[in-house]
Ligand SMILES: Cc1cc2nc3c(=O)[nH]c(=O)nc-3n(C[C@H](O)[C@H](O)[C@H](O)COP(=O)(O)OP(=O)(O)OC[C@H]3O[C@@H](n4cnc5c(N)ncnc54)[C@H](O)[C@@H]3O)c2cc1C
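Taking the form predicted on its own, here's one chain by itself in structure tokens.
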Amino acid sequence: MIRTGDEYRESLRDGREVWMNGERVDDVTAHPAFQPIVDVRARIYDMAHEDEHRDTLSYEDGGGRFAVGLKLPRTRADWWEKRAAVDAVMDEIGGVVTRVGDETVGEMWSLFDGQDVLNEVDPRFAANIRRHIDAVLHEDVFHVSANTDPKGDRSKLPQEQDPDMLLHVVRETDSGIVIRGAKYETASAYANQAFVKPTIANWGDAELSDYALGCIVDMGAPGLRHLCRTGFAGRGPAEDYPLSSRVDEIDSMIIFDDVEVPWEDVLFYRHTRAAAFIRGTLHRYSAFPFVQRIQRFADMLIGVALHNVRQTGLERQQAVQEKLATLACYREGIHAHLTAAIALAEPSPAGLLMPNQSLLYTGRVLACSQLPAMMHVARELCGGQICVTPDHAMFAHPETAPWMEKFYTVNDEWTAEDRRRLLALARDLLNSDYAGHRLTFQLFAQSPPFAHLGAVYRNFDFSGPLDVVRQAAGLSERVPA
């Protein structure tokens, strides 16, 4: 039931059209920019088969084993197990990866909660979402999410400009629908399928729209092209870029050039209420693993900062301790929101168990909004050496190595090589192109900051504070709580 890493790699050799740096990529499993992250995803598959990780990453049901990350959440224990599985993966790979399946499959669970909305359009669509959720679990496919369109001039309706700026249906056939447009998606070039849905509800008062579309698309489908940004892996030696060289997740603009989607893969179509529903509930599950990864990123910030101040003998200074405590408060704030979201989890409309929505979304705001400041605190604690230290080649060359050894050896515990390794990791985490990309990624990965706050507004229970003030002020019973 659960795939191996080699089976995953073989599934990507399907003739898909992938481009990078102006060249066609023949095999993403062997290309230097893609191979490291493909290997990470393959490693996750293989971990589930190993004695050390099997019970953490998979579970048994009816004689078969299935991935914990893809399991429909019905109990608090399910959420604790998902959290443990993510931690185990991050421990194994020594970095943070986000789009590896468990963080995106939850979006389908949100539509599972909206089956009554789908049934208003066509009962087949509700049946389709149930079948696809089951297929993801039983076939163990690498499932991702496609949301953001190029959009064009956002002051205009899609029909008032090039209609392809938003993905839309161009025609129906007996076997399905034909779609055209583009989406931006992380990991599409090395995933198996994507849940494609609209990112904005720019339809005016229309009840029907060719842009109100949700479907499952095979990432190797005819007519689909992956136009990828330049990868960070391979730009420099792995010794100098220990994160960029291993865990860079490639983003793509996916071109849908009259791609046919079978009717059994259509989840909603021409129904703006269904599209609005999924936009409003899209992250009710997937925000949890997303925020958990920022907690792991916070652990890395604390680790590089604390190792550095201990190396240089500054840990006992009060100003340094205050900055470390600031990082710790940030990390524990995320941890508290995630823990409380499980403890106070609530039932969903379809009988699943959602993390407490108010706590989850406020935790996401905390994690994302404070991340830039926390990265800068870590930079301060690491000091200027992360931007001026020479590369690994300088430490290795016979003529320069003695000087590097002399000036980078701190004491008997911290040799020049250990200090170089720590500074290289800190630079890649905080100052590199990869670091800047990771920071910017938070601005679109689960919608922009204003949408994060909008989710809090929709899910926070304002009646409690209103009732507190109504009673304290002695307002009349006519004042609503």
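One rule holds for the numbers: they count along the sequence shown, beginning at 1. This one's a predicted model, so the numbers in the text were calculated from it and none came from an experiment.
Not on display, but discussed next: the form predicted together with this ligand.
- Just one of 124, 76, 307, 151 comes within 4.5 Å of this ligand in the model of the complex, counting any heavy atom, and that one is 151.
- Shown alone, this chain has one stretch from 446-454, 47-55, 418-426, 31-39 that lies within 4.5 Å of this ligand in the model of the complex by heavy atoms: 446-454.
- At least one heavy atom of residue 185 is located within 4.5 Å of this ligand in the model of the complex.
- When this ligand is considered in the model of the complex, residue 147 lines it closely, a heavy atom lying within 4.5 Å.
- Put simply, residue 251 is close to this ligand in the model of the complex: some heavy atom of it is within 4.5 Å.
- Looking at residue 437, you'd find a heavy atom of it within 4.5 angstroms of this ligand in the model of the complex.
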